[in-house]
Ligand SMILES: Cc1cc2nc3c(=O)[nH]c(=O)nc-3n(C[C@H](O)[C@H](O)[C@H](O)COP(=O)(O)OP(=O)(O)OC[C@H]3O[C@@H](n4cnc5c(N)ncnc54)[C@H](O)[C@@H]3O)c2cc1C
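To begin, one chain is listed below as structure tokens, in the form predicted alone.
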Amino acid sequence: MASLLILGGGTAGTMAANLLRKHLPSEWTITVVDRDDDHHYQPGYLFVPFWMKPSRVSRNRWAQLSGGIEHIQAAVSRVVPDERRVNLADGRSLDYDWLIIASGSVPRHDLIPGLSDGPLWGTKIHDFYTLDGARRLAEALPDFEEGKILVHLAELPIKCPVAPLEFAFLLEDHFRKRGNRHKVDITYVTPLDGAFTKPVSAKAFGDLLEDRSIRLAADFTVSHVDNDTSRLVSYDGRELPFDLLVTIPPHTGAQFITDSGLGNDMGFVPVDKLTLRAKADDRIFVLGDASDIPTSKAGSVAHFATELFVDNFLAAIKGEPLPNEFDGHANCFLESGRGQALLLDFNYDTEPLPGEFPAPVVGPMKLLKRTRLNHLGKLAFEQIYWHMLLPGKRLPVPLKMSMAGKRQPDTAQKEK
């Protein structure tokens, strides 16, 4: 009998367990370890401050696993690859033949001095990257009538890197609907030199910020938060006053990865970006946000990579060459307010481009263009997530990025 141990019961860990249960012989044991029993639909955090009920975001973690999969509720203390063993925080240890690390990434408010350790935390300073944070922000927004709001991205990588922009656009729409937009000054603060990481999308989102009268404070590398003066301070000495600061802090990998000596300086596990196999040990694969692959830490990446990983895992346990290569494919909706959204589709080598998705000409989704259909697609994904993606049902979208329907920047520019 062989054993597969999966550390983390989030999107990637749950998908991997459910998909592999369909393919591995019954004598294989599959065990998922996680420290709690709440599975969160994390894209829902964005909507909680505005309209989504918090109870809609969370479901029982273990109920998402198929039959024939064991689970253990415990925190992980350390991985010991040489002994193929995982130590748990409660003193137990688990042996494995193969290990999948799918422990995600962790928002670290403690890495910015003055952010969560001062008197403004929870009053003037909020976040929406945890369910508790989103819930507290939902309670604070109705009382905000006028003043300066900073929507702040501390650094990359973070989960869902488009979410800070989405929040800024939804915030602007929120005050527009309330009729006091003219009393609220919104600034999007980023360490990047533009609104986003790549030229085409950076221009598109920068134009949209300008269209919505949202200021852009670029190249802002935060040093600390001054709680006495309610100011966000950068390393180059700039100071931005705020009446409300909504921040997305730096992210790291899980602590047990660092404690096990498996992580880089941010606690993410170095892997072969094509196969997701850990560079430190051939018996370990890393799925979802826990790895150091150079693409978006997004649910779509976990989805595409995990489906391609299954064939690789089945080959690996037979000692055969791995048949699939992951290209870094990411596919993200970006809410722009006014009941519209944009769609981004990209990979390791190709930046988000305009065009149609998934089929050329007919779409029906539009890339890098605000449409009602994109917005409805984002809302519909909640049900797709629970009922199709987590159980391991195949979705009608390509696992690898296709150039079909996309237009290169020169072509797109000529059409303007």
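So that there is no doubt, residue numbering starts at 1 and follows the sequence shown. Since the model is a prediction, treat every value here as computed from it, not as a measurement.
Here the subject shifts to the form predicted together with the named molecule, a form of this protein not shown in this document.
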For the chain shown here without its partner, which stretch in 142 to 150, 223 to 231, 249 to 257, 193 to 201 has non-hydrogen atoms within 4.5 angstroms of the named molecule in the predicted bound form? 249 to 257
Listed residue that, although the named molecule is not shown, lies within 4.5 Å of it in the predicted bound form (heavy atoms), from 245, 278, 209, 163: 163
Contact residue in the predicted bound form, from 346, 313, 268, 129 (heavy atom within 4.5 Å of the named molecule): 129
Honest question, do 172, 214 and 375 all end up within 4.5 Å of the named molecule in the predicted bound form by heavy atom distance? no
Residue contact check: residue 42 to the named molecule in the predicted bound form, 4.5 Å heavy atom: yes
Determine whether any heavy atom of residue 16 comes within 4.5 Å of a heavy atom of the named molecule in the predicted bound form, and answer yes or no. no
Since only the chain is shown here, I'm wondering whether residue 75 would be in contact with the named molecule in the predicted bound form (any heavy atom pair within 4.5 Å). yes
So, residue 35 and the named molecule: in the predicted bound form, are they within 4.5 Å at any heavy atom pair? yes
